[in-house]
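Listed next as structure tokens is one chain, alone, in the form predicted on its own.
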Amino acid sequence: MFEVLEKILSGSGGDFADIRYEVMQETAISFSGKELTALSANATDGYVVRALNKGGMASVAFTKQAEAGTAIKSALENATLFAKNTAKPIRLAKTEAVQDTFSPKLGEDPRQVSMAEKMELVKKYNDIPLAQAKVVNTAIGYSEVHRRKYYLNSEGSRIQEDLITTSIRGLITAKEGHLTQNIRVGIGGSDGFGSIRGQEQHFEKQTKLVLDLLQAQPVKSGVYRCIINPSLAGVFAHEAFGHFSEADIIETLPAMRQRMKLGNRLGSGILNIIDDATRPGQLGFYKYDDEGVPVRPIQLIKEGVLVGRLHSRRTAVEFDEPFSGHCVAEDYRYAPIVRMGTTYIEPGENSFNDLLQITGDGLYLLDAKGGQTAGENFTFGANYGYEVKNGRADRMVRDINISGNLYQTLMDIKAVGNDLELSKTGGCGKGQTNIRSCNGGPHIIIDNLVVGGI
């Protein structure tokens, strides 16, 4: 394949060019209640070429090799046109050429498991909640994505990398009288099919939770000291903070760039946040980004102080900071953009029981349930929670929303647990979809958290 890509780029001209070719295989199985609603497997492929010339850069996606000449010509013409109409020429940070072939270690390759066996596994998990009379519906599906990427650039890089992701995720809905409640289920990862075997306990636990929610009381609105669990802590780290660590998000926002200046104190002294996509077996794991740059761990916050940022080769020059290997595309239809890999709050020293004792009276909130951010402010839902009284978890509560200001909330983090967990079914919708984006954290305590309820 590389011979083909070299031939395509050979007549590109300009100052720089790269090309990415991908073959993507997808398998999907889904149930709605007892009904099998999808059973499919397909393969697609395509190319993205980028050209840099005289300070302008452009990309073109195409699906047929015969279109390569036209695509290269269009990318170069568009880059030249862009250069004539911009006051700030685009430059790329210098990198060393890389030649490598990489495939992750898999406990069990999902491509070697039959469709019939995959369907039976999904059906078995789906049947667990449906065995309960108060469960009125399920929407549970299997997803498998295998991307084989070939990357080549005019500087001599030549990289082949496989990315393989499997997951089973969905929603369980229960009803009693006029009250309806639902809860999410999710298992998976990028370390093979074995990560989704033997997960009956997860579906049993989530089924019990959704039934318990039918008996729970709505939370009383107020301002609380709260323990939030690793799922909610991870979503907070990703959504409320993480996107401001992506250099392309803030580069055209002067006020935000000033606020997010390296060396600024953003949070309490016990807070440490890192993006480490080099952790093998995790959902967000990869070796090279879609510019052919090796990804490396980036400490974002150290003891409350902003110390790092996520970059592409272009934004690294813009900010005069080191590139990081975080320029990632959804697939062959897109040019890459700056994306998080595996972003999480690092664990501290407190046990969960310590956190309960420190909280005293407050709330224990679990599992993210949607949400949104607007500048510095955020609003997230929590799937369920418990009142905390005298250092003990008490009755269950539901219908929970939390909101606040990012920077004040970072300062209000009062204790950090020692029980790091990373998400099994991540994802991010920034501009493009990235199913491999991963987040997590330990249990943490946040003071003065605004909780909406009744």
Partner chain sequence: MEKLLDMAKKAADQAEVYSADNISNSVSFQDAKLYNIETNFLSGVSLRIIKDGRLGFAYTRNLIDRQELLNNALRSLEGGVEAPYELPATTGIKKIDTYDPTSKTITSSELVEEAKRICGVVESKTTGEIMAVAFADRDSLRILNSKGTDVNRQSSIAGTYGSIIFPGSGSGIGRIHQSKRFDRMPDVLINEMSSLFGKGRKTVEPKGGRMKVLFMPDSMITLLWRITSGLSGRSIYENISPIADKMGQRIFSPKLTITDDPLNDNYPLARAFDDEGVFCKQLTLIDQGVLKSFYYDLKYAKKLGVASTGHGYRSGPWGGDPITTKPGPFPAHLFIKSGSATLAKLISMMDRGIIVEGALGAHSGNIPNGDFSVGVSPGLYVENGEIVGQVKDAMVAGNIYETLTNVVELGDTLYPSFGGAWVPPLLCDGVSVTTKN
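If you're wondering where the values come from, they're calculated on a predicted model, not measured in any experiment. Numbering follows the first chain given and starts at 1. The term rigid core refers to the most C-alpha atoms you can superpose between the two forms while keeping them within 1.5 Å.
The same protein also exists as the form predicted together with its partner chain; that form is not shown, yet it is the one meant from here on.
From the list 267 to 275, 158 to 166, 178 to 186, 227 to 235, the contact stretch for its partner chain in the model of the complex under a 4.5 Å heavy atom rule is 178 to 186.
Of the heavy atoms in Pro110, none are within 4.5 Å of its partner chain in the model of the complex.
In the model of the complex, Tyr288 stays away from its partner chain, with no heavy atom inside 4.5 Å. Using a 4.5 angstroms threshold between heavy atoms, Asp248 counts as touching its partner chain in the model of the complex. Among heavy atoms of Asn53, none comes within 4.5 Å of its partner chain in the model of the complex.
Interface residue among Ser114, Thr101, Gln201, Asn85 relative to its partner chain in the model of the complex, by the heavy atom within 4.5 Å criterion: Asn85. Exactly one listed residue, out of Val397, Leu420, Ala61, Ala415, brings a non-hydrogen atom to within 4.5 Å of its partner chain in the model of the complex: Ala61.
Taken together, the three residues Val136, Gly370 and Ile402 all lie with some non-hydrogen atom within 4.5 angstroms of its partner chain in the model of the complex. Contacts with its partner chain in the model of the complex, taken as any heavy atom within 4.5 Å, map within 243 to 280 to Asp248, Glu251, Thr252, Leu253, Pro254, Ala255, Met256, Arg259. Core-aligned CA deviation for Lys34 between the shown form and the other one: less than 2 Å. Here Ala43 does not count as shifted, since its C-alpha moves by less than 2 Å between the shown form and the other one after the core is aligned.
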